[in-house]
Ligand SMILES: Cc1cc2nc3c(=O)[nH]c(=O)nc-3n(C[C@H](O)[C@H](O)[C@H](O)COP(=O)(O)OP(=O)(O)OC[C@H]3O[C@@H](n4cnc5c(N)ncnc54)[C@H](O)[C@@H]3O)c2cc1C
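The data below hold one chain only, encoded as C-alpha cells and taken in the form predicted on its own.
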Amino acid sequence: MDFAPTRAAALARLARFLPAAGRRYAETRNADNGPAAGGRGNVSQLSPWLHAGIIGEAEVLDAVLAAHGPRASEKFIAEVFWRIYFKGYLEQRPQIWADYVTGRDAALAATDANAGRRTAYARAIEGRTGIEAFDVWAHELVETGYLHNHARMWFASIWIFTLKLDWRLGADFFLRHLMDGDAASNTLSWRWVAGLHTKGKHYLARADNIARYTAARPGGALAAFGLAGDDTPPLTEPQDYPRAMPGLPGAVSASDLAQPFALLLHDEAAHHAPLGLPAEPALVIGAQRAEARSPGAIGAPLRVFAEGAVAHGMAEAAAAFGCAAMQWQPGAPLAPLLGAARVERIAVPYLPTGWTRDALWPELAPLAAQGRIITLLGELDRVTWPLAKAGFFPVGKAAGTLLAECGITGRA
C-alpha cells in the first residue's frame, strides 16, 4: 500500500475502497491478511489521511452512504464514529493524556535504569520475543508505519498481559511509528485493552483467534504460543477521571473572517479542503510537529508522511487561494510571521487534547488571549463529542441522527 501524503492519494484510496465498504467490510474487516499488495482490500486504510486531516470523516461517510446506504454500511460507519468518540471522550478528560505523558516518561526512565526491563523492552520493539505473531507485527509496524486494527489489539494484549510490559511504553511505541497515531484513539485503545477504559473489561489475545484471522496471509496463519491465560486479571488504577465538557467553538461564518487572516495547517489538519473555509486566507502557515509525539525517535514512514502532509497541504492551499505559504519552525515565535504578512488574526483548526496541542498551544495561547484566534471545528465533531460521556453505545445509537443533523446523507 502506497501512503502518499496527498489529498489526491486519499481520494483515490477512498474510490478504490468504496465497493467493499458495505456488507463485504462487515464480513471481512477482522482479517489481517498482511501488507502485501492487495492484502488490505478488506479495510479502508484511510486512517493516516483521516488523522492528518487530508480527508475528512464527513466526506468519507457521505461517499460510503451514497454507495451503500445506511444499512449495508452500518459497520463501517460505526468504525468512523469510534474515532470521533475517542476524541470527544479525551476532550472531556484531558487529565488522562497528562497522566499518560507523566507515566510514559517515568516508565522510560525506569526501563533505562533496569537492565532486565531494558532487555525485555528491546526484544519487544525489535520483534525478538519468540512469539511469531507479535514479532511479525513489530517489524511490520516499524517498516510500514501501519498495522491492521485487529493486530493492534492482539499486539497490545500480548505486550501487557504476556510480556508484562508497561502499557504506556507500548502506546508510545505505537505513537512513534503509526502514521495514524491519534493521541485519543491510541491512548484510549491501549487503556481499553488493559481494562482501564471500561473498568474490569480487558482484551486477552488468543492463539486460535489470531490463527483464524491471519490464515490468509501469504505465509499462512501466524502462531502465538504461550499467551496469557483466560484467568489473567485486568489492570487497575487508583484514580478516576471526572468528565467536564469544554466549551466548543461554534460554526465560523464569512463575517468572522472579514478581516485578512492566516490559516494554520498542522499535523491533524494538513489540508484546507475538509475545513470548508467560508473566506480565503491572506497567508498559509504550516506547522509540522510530529517529533512532539514522543521523547523517542519517530519512525521513517511516519516522518515522511507527516512532513509530506503539511508540505503538500501548504502548497495546495497557497495555489487554491493565491497567497503566500510559510513554515512555522519548531521553537520559533509565530507573531513575526503574522506581522510580516500584515495579518492580525489566524484561523486554527481545533487542536485536540494530545501531542499536537501540547506542541503548538504555548505559542498560540497569547494570541488567543488577545482575541486573535478563530478556531475551526467540524459540525460532526461538535454534535458528537458531547455524547462521548462514558461508553461508545450512546454515540453508536445516535449515529444516524447525528449524520442527518449534519446533512451527511449520501444524497447529492
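Note that this is a predicted model, so its numbers are computed, not measured. Throughout, we count residues from 1 along the sequence that is shown.
There is also a form predicted together with the ligand; it is not shown, and the following applies to it.
Heavy atoms of residue 172 never reach within 4.5 Å of the ligand in the predicted bound form, leaving it off the interface. Put simply, residue 182 is close to the ligand in the predicted bound form: some heavy atom of it is within 4.5 Å. Remark: residue 31 does not count among the residues lining the ligand in the predicted bound form, judged by a heavy atom distance of 4.5 Å or less. In the predicted bound form, the ligand sits within 4.5 Å of a heavy atom of residue 186. Listed stretches are 341 to 349, 38 to 46, 362 to 370, 63 to 71; the contact stretch with the ligand in the predicted bound form is 38 to 46, by a heavy atom cutoff of 4.5 Å. For the options 100, 261, 137, 190, the residue carrying a heavy atom within 4.5 angstroms of the ligand in the predicted bound form is 190. 156 is the sole member of 90, 210, 156, 317 with a non-hydrogen atom lying within 4.5 angstroms of the ligand in the predicted bound form.
Of the residues in 146 to 179, those that come within 4.5 Å of the ligand in the predicted bound form through at least one heavy atom are, in sequence order, 146, 147, 148, 149, 152, 153, 156, 174, 178.
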